[in-house]
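Given next, in C-alpha cells, is a single chain: the form predicted alone.
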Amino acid sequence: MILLLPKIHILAVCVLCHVSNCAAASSSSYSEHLDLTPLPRNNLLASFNFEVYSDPAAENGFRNDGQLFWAHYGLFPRSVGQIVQSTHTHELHLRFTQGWWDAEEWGLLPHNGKYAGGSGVEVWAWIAGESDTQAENRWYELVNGLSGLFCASLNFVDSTRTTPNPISFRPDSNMRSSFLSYPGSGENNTASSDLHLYHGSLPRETVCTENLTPFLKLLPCKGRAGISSLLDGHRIFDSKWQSMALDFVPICDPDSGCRLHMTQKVDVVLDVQRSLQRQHSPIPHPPPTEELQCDRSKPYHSESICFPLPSPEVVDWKLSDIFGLKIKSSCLVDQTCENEASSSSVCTHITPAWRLSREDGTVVSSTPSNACFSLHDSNEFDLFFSTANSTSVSQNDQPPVYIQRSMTGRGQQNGGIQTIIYNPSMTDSVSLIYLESLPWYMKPYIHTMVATLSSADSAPPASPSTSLEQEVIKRTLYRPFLERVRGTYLELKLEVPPESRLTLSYDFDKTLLYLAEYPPDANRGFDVPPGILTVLTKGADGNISYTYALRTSSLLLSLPTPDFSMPYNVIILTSTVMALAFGTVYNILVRRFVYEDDLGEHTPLLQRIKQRIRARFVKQKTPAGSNKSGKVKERTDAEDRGRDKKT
C-alpha cells in the first residue's frame, strides 16, 4: 500500500496536467483551409490560409490596461511575439512575392490584393513611440529581428528604403480600442505614445526555400501534418506566381483584454501540365503522336498535319500529382481533448464541367460548384479532378482598374517614368491612391509631371491642360530626396473617369555612385520598387474603405557604370612607377661609382676561386720562416706595382 502511494500521486499529477493542457488548447484556436480554383489555360490557383488566435486571457504578455502579468505562449509562436513585444509593434504586415499576376486572364487578385505584395519582400508596421526618433529606431530593430527570423535581407531596409506614414495603408484593427501596452516597458502607450507607420521594400530580394522553411515553423504542426504538408519548396517556387503573407493584428476588448490574431497565407498559381510532365517524366521530351491534341479548326488539319492546342482540353489529374504528395491527415493540436479548437478543410471552386472524386473512388457530385471536405476523419487525403473541357472555369470578376508602368528615355544621364491607369468601367468613376517610393539616386522633377486623359480606344491628347490635371489629381503628397539619406516619396489621390485611360509621366536625372555603392552585378541594373495602387470606395454611410490593392511590376534602372577593371590597371601602373622610382633613387644613394682603371686587373670569378684554393694548399705546406719571407716578398712586389702605376 505504501508503494502504491507514489504511483497514485504521479497519476493525479498527469490527470491534472492533461486537463490543464486541454483547457489551454481550447482557450486558443487554430484553423487551416485550402481553396482550389482552376484557371484558364490549365492553371490552378491554390490558396492556403492559416489562422491562429491566442488565449483571450492576455496570452503572450499583451494587455490593454498596462498591468504586468506572467507571459505564456500556447499556439501563438513565441518567436513572433517576442519580436513585436520588444519593438512595441501594434500591427505587422509582411509579404514575400515572386512572379507576375495576369489580371486579364485570371481576374481579381486573391483576397482583393490584401495579402499580395510587390516583387521581392515588402513590410509595413505601426509602431508605438513617444517621438519620431524612438519609433524609427524601433522600426529598424523590428526589420533586423524579422531578417534573422525569416532568413531574408530585411536588415538592408534603412532610411533610404523606408517611407514613413503613407496614406495608402490603413490598420486592420481599431487603433485606440486595440492599443497594446507592453509589460516592463515603463510606458503608458495609451496616454503618451503615438503610432507611427513605416513601410519598406526590397524588390531585389529573391524568395526561396530559405524563407518558406521558417514560415512553416511558425505553424503548430510545422508543415508535417495538415494542408501545410503540401507546401514543398520545389513545387511552390516552380509556379507562375506565388505570394506568402504574414499579418499580426491585435483584437482587444475592454472586458476580456487583448486577443492576438496571426494570419499566414500562401497563394500560388501552378501550371498543371508542367507539374504533370515533371511528375511522369523528369527529363523533358516531346509527347507521342497519339497523345497530341490538335486544333481541328485549322484549314490544313489532316491525319498527317496537326497544329497542337496551346493547352489540352481533356485533363485528368489528382492533387498529389500537382504537389508531389498527399495531405497527411489534419493538424490537430491535441487529439486527446474532446473540445478540439482547430479545424481543417479543403474547398474547390469549379464548374459543372468538372468531376470530383475521393481517393477511394467516391464521386462527390456530377455538378459541384463549391464542394468542401473536412480532414478530421481521414489519415491521408487526395482529390481527383477530371474534365473534358478545361476551358470551363469559374468566372472571376474583372479588376476595377488596370495599371502598367515603364521606363522612358535613353542615355546614362536622365530618363523618365510613365504610368498608365485604365478604368474599364463604363458607368462609374474610380478613386485611387497611387504611391511611389523612389531611391535617392533617382532625382525626379515634379514640375515635369504631365497627366493626360484619353478614352479607351483613342490616343492621348498632344497638349494636356492644367485644368485637366487639377480635375484628375485631387491631392499630391511629396517629400524630396536627400542624397544618401532618404528617397523620394510621392503619393497622389486620383479620380479616373469611366472607360478612360490616365497617363502620368515625369522626368528624372541619374546619379553617379561611389565605387563601393555598386553591387557585384552593377551592369544588370538597379531595381526600383513597384508602385502601389489602392482603390477607394465610398459607402452609404459616407465612410471611405480600401476595397482593392495592386502593385505594378518593379523597374530595372541602368545607372552610369564605371569600368571596374580601371582600379586594377591603376594599381598595376602605380606599382610599376613606384618600383622604378624607388630603384633609381636607391641606386643613386647607396651605390658608389669608380673608374674602371681604379679597379685594377679584372680576374674572372672562376680563376679567383682557383687561386684561393691553391693559396690555401700552399700555405699549409710552407714552414713558418719561409712563410714570413714570402709575405715580405709579396708586400715588396705590391709596392713595386704601386710605384709603376704612379710613374
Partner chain sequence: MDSRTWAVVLAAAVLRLSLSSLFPVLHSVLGQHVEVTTSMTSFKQLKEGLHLYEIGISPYDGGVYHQAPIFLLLFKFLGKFGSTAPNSLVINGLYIFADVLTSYFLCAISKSPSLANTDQLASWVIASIYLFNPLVITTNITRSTAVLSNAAMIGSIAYACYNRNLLSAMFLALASHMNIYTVYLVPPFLLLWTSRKGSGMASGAMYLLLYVALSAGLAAIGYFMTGSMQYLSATYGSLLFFEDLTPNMGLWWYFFMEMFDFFRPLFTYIFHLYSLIYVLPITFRLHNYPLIAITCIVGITTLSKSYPELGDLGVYVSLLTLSRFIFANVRYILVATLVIIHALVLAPSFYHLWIYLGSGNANFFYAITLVYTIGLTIIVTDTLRATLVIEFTGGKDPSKAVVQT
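Please read all numbers here as calculations on a predicted model, not as lab measurements. Positions refer to the first chain, counted from 1.
We do not show the form predicted in complex with its partner chain, though everything after this point is about it.
Gln413 is the sole member of Gln293, Ser281, Gln413, Ser386 with a non-hydrogen atom lying within 4.5 angstroms of its partner chain in the predicted bound form. With the partner removed from view, the residue among Pro312, Pro444, Gly145, Gly74 that has a non-hydrogen atom within 4.5 Å of its partner chain in the predicted bound form turns out to be Pro444. Tyr300 falls outside the set of residues with a heavy atom inside 4.5 Å of its partner chain in the predicted bound form. Interface residue remark: Asp521 is not counted as part of the site for its partner chain in the predicted bound form, having no heavy atom within 4.5 Å. Proximity of Trp100 to its partner chain in the predicted bound form falls outside the 4.5 Å heavy atom cutoff. Taking the partner from the other structure, its partner chain in the predicted bound form has a heavy atom within 4.5 Å of a heavy atom of Pro562. Of the candidate stretches 281-289, 227-235, 507-515, 205-213, only 507-515 has residues whose heavy atoms lie within 4.5 Å of its partner chain in the predicted bound form.
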